[in-house]
Ligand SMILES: Cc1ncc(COP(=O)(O)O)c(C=O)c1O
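Single chain ahead, by itself, as structure tokens, in the form predicted alone.
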Amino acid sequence: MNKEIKKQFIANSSQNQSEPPWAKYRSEMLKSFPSPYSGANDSLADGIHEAIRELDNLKPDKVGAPAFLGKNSALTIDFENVKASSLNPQMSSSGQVIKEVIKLFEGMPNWGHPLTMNNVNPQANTAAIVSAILTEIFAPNILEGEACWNIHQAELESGGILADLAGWEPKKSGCVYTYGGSGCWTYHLKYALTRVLPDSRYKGIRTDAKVICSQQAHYTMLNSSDWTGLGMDNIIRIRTDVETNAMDTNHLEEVLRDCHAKKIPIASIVCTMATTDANAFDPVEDVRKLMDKYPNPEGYGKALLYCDSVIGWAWMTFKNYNFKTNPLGFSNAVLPYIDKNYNAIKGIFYADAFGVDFHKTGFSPYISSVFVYKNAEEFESLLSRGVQAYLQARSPYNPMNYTLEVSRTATGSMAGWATLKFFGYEGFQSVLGGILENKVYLKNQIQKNSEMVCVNPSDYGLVTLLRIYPKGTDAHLQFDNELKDSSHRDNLIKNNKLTHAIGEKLFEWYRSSKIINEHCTPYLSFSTGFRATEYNRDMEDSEAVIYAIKMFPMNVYITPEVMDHVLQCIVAARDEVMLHNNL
């Protein structure tokens, strides 16, 4: 558009005294919409700049400050009356609304703060954040070619890269970015049901096909089996090893043999690849062999093998790492951790599909989850449905024909794809290895305190779990007794209550900006049962489980000094709880 035409357009859009009220409002609103032309005054650029500046003002200005945004950590929502709201009769301004938005971030966890390590919630990288923001401006919908055009590449190339990491043939594989790990679980289950129960798409689910997963599997199994209509009662839980928390293949074979004998079809078996707390990896290759040994009865399709690898997937980036020459210079203590995790995750090769959360170990913004499938032709044809009359196929890639979502934003795909481009192999390796360096340091410091014990010492994952006992207790002996000897059940429960109280005290201190040794208290979490005791393998006793304080040092700003401070805060919280709670 030439300058004269652009000038005329802007002039015609300006407020005119002769316009009716609706047109005046419309003219005023134009100031708060992004301009479709370059060079014009653009409220979007100004708005983003102002919003980022205001958010930046909520960050702390010194080391050791609180790990939340702003000064007020309290919940200020009036939950009783917040819904008693109505639409304002008059317009506001986008600037005023943005100011109100910024207020809502007061007290929000600061994911980039080195004292934030409550869970696998890392700060997102800049390339991913900016890429995600850009999709909100022009709204590409990964529906079909016309609505997404070249931005389709982000999803297509992501699928190829992830398939290659898994050792699959990229050109024959595919992926769908979806609404979180729950979306990946749901996609896998729909895929499995459609494959195993061929008539189910039209006649509904009329057979109690089973979904098999371990005791450590994520609770989203309940969401997926419920929402797909299969039913939560059709989940079979397999016992897990008390040391590794991995699926017990002997128990799995018992279940498969029983189902096979009774001619009960298996829809899918889910291998969990790195749980949040215990870093459990199920033995995928062994599971595949058992599935082949006990196929579904005649008349049913082949069961699906899915890997819930939303956390563990990133270890595949060590696929080409030379552990002998160690080019990135990881410590001798950390190299075995990395090697163990890579060798565990590479079993994903034997799966039919796997899930990825870029917003976890991909350091990307929510939501950037991917369901990756090995056989694109099968998946896309099994779930294919008729094309709507108002949608036209403008490119060879039209996932509208088989995806659950129709309106499917490209925000996640752009964030995930940008991260893959930005990090590369060495970026992922450096970030993950750096987390483990901090973890090893932390474990060594725990070892020096006789009243503390690391309760996941054989865990090669990113999290460290500990229990701290009353002063004078031999923590290692006490924990060993609680874990293995049922006669110590009462002590286990008593010390679980202590652990719970310490976790709550640390959260209280985090929210109240409690100062310990000139620094605020970290944002930690705790687990109320990351594993069962050895005498409670069947989990029949809900209280005979291990509680633990949880530290997830995912933040790239965390240092050994921060780890030392965390342990000092835990000791202080223990002493405070023991003093006032009669524990």
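All residue numbers refer to positions in the sequence shown, first residue = 1. Just so we're clear, the structure is a prediction, and the values are computed from it rather than from any experiment.
Beyond what is shown, the protein has a form predicted in complex with the named molecule; the following relates to that form.
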query: Of 482, 155, 357, 459, the one that lies within 4.5 Å of the named molecule in the predicted bound form (heavy atoms); finding: 357
query: Listed residue that, although the named molecule is not shown, lies within 4.5 Å of it in the predicted bound form (heavy atoms), from 116, 268, 272, 495; finding: 272
query: Contact of residue 511 with the named molecule in the predicted bound form (heavy atom, 4.5 Å); finding: no
query: Partner contact for residue 311 in the predicted bound form: the named molecule, 4.5 angstroms, heavy atom; finding: yes
query: Residue 218, heavy atom within 4.5 angstroms of the named molecule in the predicted bound form; finding: yes
query: Contact of residue 173 with the named molecule in the predicted bound form (heavy atom, 4.5 Å); finding: no
query: Candidate stretches 342-350, 218-226, 258-266, 196-204 - the one whose heavy atoms come within 4.5 Å of the named molecule in the predicted bound form; finding: 218-226
query: Interface residues of 178-194 toward the named molecule, as seen in the predicted bound form [heavy atoms, 4.5 Å]; finding: 180, 181, 182
